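Let's start with one chain on its own, the form predicted on its own, as structure tokens.
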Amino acid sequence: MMKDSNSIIEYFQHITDHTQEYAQSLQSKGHLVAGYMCTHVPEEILYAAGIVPVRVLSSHDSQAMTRSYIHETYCSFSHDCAYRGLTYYDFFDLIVTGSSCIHMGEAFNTWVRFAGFKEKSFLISYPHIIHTKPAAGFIVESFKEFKQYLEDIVHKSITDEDIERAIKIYNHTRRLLIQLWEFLRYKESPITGAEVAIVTLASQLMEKKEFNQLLEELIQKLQSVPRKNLPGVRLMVSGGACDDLRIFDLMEKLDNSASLVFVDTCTATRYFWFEVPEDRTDKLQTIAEAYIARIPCPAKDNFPGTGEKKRFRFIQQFIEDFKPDGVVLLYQRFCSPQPMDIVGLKPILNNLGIPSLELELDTTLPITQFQTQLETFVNIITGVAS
């Protein structure tokens, strides 16, 4: 048991900074470790097979070498994920992804074709239009194929009891993370938004039982320490994949004070803000329906015939619950789905009276480039408020 909440947060930070070291330590303890590239991958099935899922995230470096493998106008996040396979993560027992965007598909292909993962990789077919009746049935068939593939790897059957146990462990993770984010709903909190983002990212890299135990301990300690005012302007982030924690830290260290209170991305709350129903008979059907019902990825969020975006409903609810003063729209340079979403999202924010700022991420450029834009944004909000 660690001494205080800061020690636990520092440990989570260490995991995010040294993921390779942590994943190899899992293998040294006898675990099989699977890298996965997309939150459409049903981690519960991997975990039920006795395999620990570890999310492949970017290295935050300029990787000129990947230009030989992926088109240079693909996002830097996909380049960095491809780079991980070509350099650090050759020790993974397998690599898995669910069909998402073209950019991440090419990152996965780089691992398969050039990083030695041809015989230990699996692409889960996932429909690009999920808001249709046939979608769940299609996903169930894909999950069945995935389950069979894993059974061949581990040389044993994955039982309904195994899957149910995994569902309950993962649901416990989700409930704990929501409880942690709930601290930020109020003007006083024992933890900052940047620190909550660290814990959330670590959840995607760690063995879930170990993570749950540490997070339970952290929440217990946070409940007993004095709460501090979350200073200045309350900022919410909404966008695509962003695992570079430095930008969240930057937001909370501006000359004019600001606090990060919510992050709507697939590397933050969209990863866990849902549950898989427990104790149902058809496990794969249950997982499929839960993954469809969750906050959708912008690449798949489109109601046929209407163009309605389901994710916007969640964003409006988060704004109501966490009461941000402004929204930072954060997306990867060269990403297509996320900027298209912003076109529809901005009028909604305007109607709600919430100012917004667009920031285009590129890991080949320093995060500090955003400081002036963020400070100006905070100044504008402060001026409006006064």
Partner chain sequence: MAYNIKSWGAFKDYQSTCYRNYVEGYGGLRCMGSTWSPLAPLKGLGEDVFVIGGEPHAASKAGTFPKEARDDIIAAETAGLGFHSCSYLKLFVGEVVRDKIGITDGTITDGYPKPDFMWTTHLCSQHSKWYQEISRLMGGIPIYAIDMIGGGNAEKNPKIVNYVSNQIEEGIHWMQRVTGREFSDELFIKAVRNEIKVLVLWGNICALNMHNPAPLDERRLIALFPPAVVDRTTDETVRLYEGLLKEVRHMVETGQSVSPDQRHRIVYFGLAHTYGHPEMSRILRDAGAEIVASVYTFGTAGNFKGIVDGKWTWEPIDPTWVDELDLSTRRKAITELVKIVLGWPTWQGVRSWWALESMAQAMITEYNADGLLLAPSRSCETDFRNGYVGMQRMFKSKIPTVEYDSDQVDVRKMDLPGAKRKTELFVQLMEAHKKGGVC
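Numbering follows the first chain given and starts at 1. Since the structure is predicted, the reported quantities are computational estimates derived from the model, not experimental observations.
Just so it is clear, the following notes concern the form predicted together with the partner chain, a form of the same protein that is not shown.
- In the predicted bound form, no heavy atom of G353 sits within 4.5 Å of the partner chain.
- Contact annotation: E360 falls within 4.5 Å of the partner chain in the predicted bound form, judged by heavy atom distances.
- Contact annotation: R333 falls within 4.5 Å of the partner chain in the predicted bound form, judged by heavy atom distances.
- Residue contact check for H103: one or more of its heavy atoms lie within 4.5 Å of the partner chain in the predicted bound form.
- Checking 218 to 226, 124 to 132, 164 to 172, 177 to 185 against the partner chain in the predicted bound form, the stretch whose residues place heavy atoms within 4.5 Å of it is 124 to 132.
- Against the partner chain in the predicted bound form, the set T73, D301 and M340 is in full contact: each member has a heavy atom within 4.5 Å.
- With the partner omitted here, the residue from L150, A202, V112, A194 that has a non-hydrogen atom within 4.5 angstroms of the partner chain in the predicted bound form is V112.
- Distance criterion of 4.5 Å from any heavy atom to the partner chain in the predicted bound form singles out K309 from the list R270, K309, R234, K208.
- Taking the partner chain as positioned in the predicted bound form, the residues of 133 to 155 that bring a heavy atom within 4.5 Å of it are, in sequence order, K133, P134, A135, F138, E141, S142, E145.
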